[in-house]
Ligand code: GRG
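Form predicted on its own, single chain, as structure tokens, below.
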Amino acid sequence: MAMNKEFDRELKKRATLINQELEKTLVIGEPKQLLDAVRWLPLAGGKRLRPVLSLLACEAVGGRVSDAIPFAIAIELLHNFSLVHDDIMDRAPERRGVQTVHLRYGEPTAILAGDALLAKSIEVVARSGMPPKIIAQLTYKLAKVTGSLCKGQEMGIEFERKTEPSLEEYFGLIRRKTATLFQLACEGGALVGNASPKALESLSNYGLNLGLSFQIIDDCLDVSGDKTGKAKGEDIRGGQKTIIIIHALQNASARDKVKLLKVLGRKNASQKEIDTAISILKNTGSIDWAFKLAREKIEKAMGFLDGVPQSTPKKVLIDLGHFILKRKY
């Protein structure tokens, strides 16, 4: 996807800082099997959106990048902790173009690796040298969000058992599983940057709405075939009740609804059946509706930046919203 060159440069500059610091943080040691498993997913790549958000939020309120790096690393480690455990529960074979941790190192070691990543995220903040009051606040927020991620994962299990979950239930789920980490990234970065209460709240709300939009767009990409590393319609085969599926079940004709429910969750569904299901989603207007909703969330997110002073970091935060939207099918 083509991006503004300046935005691309600013994003990569901060992502490079994160990558360098991750290498230093996740040192090779003993027991080798566990430490290798801990390093496997975090060092496999990724856009580093969440830690980059922390750096940008800190800079946007006048803070220094160097001050925000420990918390940014903590956010990335926490994110990877959740991914390792999610992949075990979902029996996922691949993540970021490589074998998942539990397949490469075995499930017991993968569980321990996830736990170790969580512990390391707290350790990084505790040893950051920041003022004790800030460390206490950030550690509390990390703990709260970890709890939210765990609740979200359990809610996800219950959610998928329902034939027709509501949109309200969907938003409650993605808020806990996805958006809360975006929100924490911005909130924590702003806190490190000594933001005013108003700026802190603004960046927190920006992160929350950005995260909601990110997940909605992710749902759209699955039925377009543009999601990197995933086959077209994989969420349909997996039986995932995405926002598009929920909208279609509420608005499709009785005949189309039966067809959709017949293929939803069938792992051995043919590509023809998947394409038929996607046609129903398109004809119902569910994909376009979801994208429009994602745009509204992005616009809402950007509105929260009005109270933040103009600067290069603020411009990157705005461009980041456009970047997420341009992931469109």
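Start at 1 and count along the sequence shown; that's the residue number. Here the structure is a predicted model, which is why all the values come from computation and not from measurement.
Beyond what is shown, the protein has a form predicted together with this ligand; the following relates to that form.
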Should K120 be classed as touching this ligand in the predicted complex when contacts are defined as heavy atoms within 4.5 Å? no
How about L149 - does it come within 4.5 Å of this ligand in the predicted complex, if we only consider non-hydrogen atoms? yes
Heavy atom to heavy atom, is R50 within 4.5 Å of this ligand in the predicted complex? yes
Quick one: does S82 come within 4.5 Å of this ligand in the predicted complex, counting heavy atoms only? yes
If contact means any heavy atom within 4.5 Å, which of 120-128, 83-91, 191-199, 255-263 contacts this ligand in the predicted complex? 83-91
Give a yes or no on whether each residue among R95, T178 and F214 has a heavy atom within 4.5 Å of this ligand in the predicted complex. yes
Only one of Q99, Q137, N205, Q153 gets a heavy atom within 4.5 Å of this ligand in the predicted complex. Which one? Q153
